[in-house]
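Take a look at this one chain, the form predicted alone, written out in structure tokens.
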Amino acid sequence: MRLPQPCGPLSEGVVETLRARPQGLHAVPEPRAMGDVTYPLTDRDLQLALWVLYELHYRGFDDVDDPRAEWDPLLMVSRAALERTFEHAVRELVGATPQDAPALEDLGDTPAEQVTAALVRMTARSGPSEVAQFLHRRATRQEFCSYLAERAVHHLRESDPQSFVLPRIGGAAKVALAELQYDEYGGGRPDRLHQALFARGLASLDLPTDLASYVEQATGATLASVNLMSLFALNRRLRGAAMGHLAAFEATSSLPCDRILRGARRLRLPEEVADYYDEHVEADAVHEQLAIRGICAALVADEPELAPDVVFGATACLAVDGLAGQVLLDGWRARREDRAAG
């Protein structure tokens, strides 16, 4: 994979710095002042810059010659600046999200009981998303393929961020996370690796299977939903948020995957596309309980002070993924209106 094309001063500063090594380093500009609360979460320049810096910790780029760039001090300072802006925006968005849940201490006698009740309560209210319902009943083949292309930035790296958390937790929570990750990575079968299942679905539609092709077209909000997992997983202080995010994602995945599966069958898409979503209808129903009770409840039983972080991570997952979904829906509707007007 090669470095993506920059789309503004922040991503240009990061990309040019990486291309310049070892001849010299360039300062990456500070993020500009925020306007509305969603600006950093939808600004493609900021999110692309942060995504490139995070990718150095995953598979990296073929055209970055010096592998030491992953821990370059200047790039780490730049990442920290971008993360501060990003995390602040996420916390502002979560704070602006209507909350009707009682305080944690009113949900049970122990932190584990409180977190379990809070996660069950917030995820039970989330049925199939509006995006999943659109794909189920209304999406054209082109719109469905555009959805797969948009989500490829996540699914071609599926579960990788959470693996960074394994050495940061212990006991029963570590064991449960390892069990969940083992399933996500194919249960010992490379052909059932969830990333590979998604790639086969793309290939069956004659779409590229390399991540670089999709980063170039992903919206800022989609990159933000992916970056959020890396933000939580790569910062030890946010390990509770990482596991809360995982629990919310798994607990709200099975029903949407069922609707998307039905949409794929309605459009008579190749069976490889259906196979990916069929796998997740059953697997994520099991993972929901494993993530909430096996991971999050066990984690706060060992580290009670992480309870608010777990709830924050779950709320952030629902809010940021909801924002990314709304951007997708707005785009589809605008294009339909343009075609109708034309």
Partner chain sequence: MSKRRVVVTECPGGPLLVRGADEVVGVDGTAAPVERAVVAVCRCGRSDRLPWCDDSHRDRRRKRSP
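Remember, predicted model here, so these are calculated numbers, not experimental data. Residue numbers count along the first chain shown, from 1.
Heads up, the form predicted in complex with its partner chain isn't pictured, but that's what we're talking about next.
Practice task
Heavy atom within 4.5 Å of its partner chain in the predicted bound form: which of Thr123, Gln114, Gln162, Ser78 fits that? Just give me the one.
Solution key: Going through each option in turn, the one that passes is Thr123.
Problem - Answer option from Asp43, Asp309, Glu288, Glu55, heavy atom within 4.5 Å of its partner chain in the predicted bound form - result: It is Glu288.
Problem - its partner chain contact at His136 in the predicted bound form, heavy atom, 4.5 Å - result: No, no contact at 4.5 Å.
Practice task
Indicate whether its partner chain has at least one heavy atom within 4.5 Å of a heavy atom of Arg262 in the predicted bound form.
Solution key: Residue-level check for Arg262: yes, a contact with its partner chain.
Problem - Contact of Glu143 with its partner chain in the predicted bound form (heavy atom, 4.5 Å) - result: No, Glu143 stays farther than 4.5 Å from its partner chain in the predicted bound form.
Problem - Exercise: Asp65 in contact with its partner chain in the predicted bound form, heavy atom 4.5 Å - result: Asp65: no contact with its partner chain in the predicted bound form.
Practice task
Counting only non-hydrogen atoms, choose the one of 313-321, 44-52, 289-297, 66-74 that falls within 4.5 Å of its partner chain in the predicted bound form.
Solution key: Going through the listed ranges, the match is 289-297.
Problem - Non-hydrogen atom within 4.5 angstroms of its partner chain in the predicted bound form for each of Glu158, Ser204 and Glu271 - result: Result no, not one residue of the spot touches its partner chain.
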